[in-house]
Ligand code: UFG
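Just one chain follows, in the form predicted on its own, and it is written as structure tokens.
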Amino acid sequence: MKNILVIGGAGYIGSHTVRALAKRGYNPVVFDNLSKGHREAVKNFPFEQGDLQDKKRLSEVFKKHRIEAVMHFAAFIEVGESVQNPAKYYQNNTAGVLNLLQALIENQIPYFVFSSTAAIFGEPVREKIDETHPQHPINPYGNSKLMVEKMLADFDVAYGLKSTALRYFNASGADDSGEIGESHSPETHLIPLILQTAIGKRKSIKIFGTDYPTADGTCIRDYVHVNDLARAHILALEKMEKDKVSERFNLGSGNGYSVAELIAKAKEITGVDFAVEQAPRRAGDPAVLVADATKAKRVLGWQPEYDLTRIIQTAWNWEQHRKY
């Protein structure tokens, strides 16, 4: 297997995965509608513009590049927006992927790697979340992803489509080269927002909720470097091709850091004592989300290589010299 279509490949995690695939000897082809992605992030790779809801366009690209497997990154990801505008999320994240899956079956493409999310679990009922944790999303974003996971299970039984769903916790950091990194518009992820405050692009960073049942009252999250996630996609693809089995994996560091701890670490790394504001909680935010990635380590041989310090350092390097 060599020719891999990366849908949403001009986006944050997609573009890092495209690079990782190329380094591993694959031929990645980027498919993106550029509503969120950046052409500059994948300027050295084959690029096809299109939307995952356009089945005819997908089939054209599958045939043109003799695609043998597909990776999907083309989701809307903002929890708060999903609460305010759920239709947008179900249309793209769920109906769009259904259209894609039908195109895969029609074109006899046997392998699919899906970027899922820890949001499918909702409020944790135990300290760390493994694959057996109950799945009760508390926002439309999480629901839109869980619906796809259920579709994938049905498509395996009915059509033999093999899939791997990777449930990320908080994707973060940037490539060590500084050539690509995190760039959303509007930006909603905490680490880039903090670093944009440190560099002076924002007047302050807001902490949404200081009354959670945690040690310092702020939300706790598990941060995993984008290159570690990219590597997991390749390991998942290779395992799926070898064993012909569909799988689900949680991907995180296994370490939880509060918003307050993250801000303190960023101040230490940047050397900037930037302003911090307190704000009310946001709808749909669980208090704690930390992964138990034991299964990914055991089955895939995957191990995160970046700790929190290095995550913030790579993100800070990108923020200081960003290309797009």
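Don't overthink the numbering: it's just position in the shown sequence, from 1. Here the structure is a predicted model, which means the values were calculated and not measured.
Unshown form predicted together with this ligand; subsequent notes refer to it.
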Exercise for review: Could you tell me if all three of Ile7, His16 and Leu34 have a heavy atom no more than 4.5 Å from this ligand in the predicted complex?
Suggested key: no
**Study point:** Segment that reaches this ligand in the predicted complex - one of 190-198, 156-164, 173-181, 237-245, heavy atoms within 4.5 Å
**Key:** 190-198
Practice item. Report whether the minimum heavy atom distance between Arg282 and this ligand in the predicted complex is within 4.5 Å. Key: yes
Check your understanding: Taking 4.5 angstroms as the cut-off for heavy atoms, does Ala41 touch this ligand in the predicted complex?
Key -> no
Check your understanding: Can Tyr141 be called a contact residue for this ligand in the predicted complex at 4.5 Å between heavy atoms?
Key -> yes
Exercise for review: State yes or no: in the predicted complex, is some non-hydrogen atom of Tyr223 no more than 4.5 angstroms from a non-hydrogen atom of this ligand?
Suggested key: yes
Review point. Here the chain is shown alone; which of Ile205, Ala103, Leu152, Leu146 has a heavy atom within 4.5 Å of this ligand in the predicted complex?
Key: Ile205
Review point. Val113, Ala232, Cys219, Ala74: which sits within 4.5 Å of this ligand in the predicted complex by any heavy atom?
Key: Cys219
Revision key, fill the gap. Taking this ligand in the predicted complex and a 4.5 Å non-hydrogen atom cutoff, the residues of 244-266 making contact are Val259
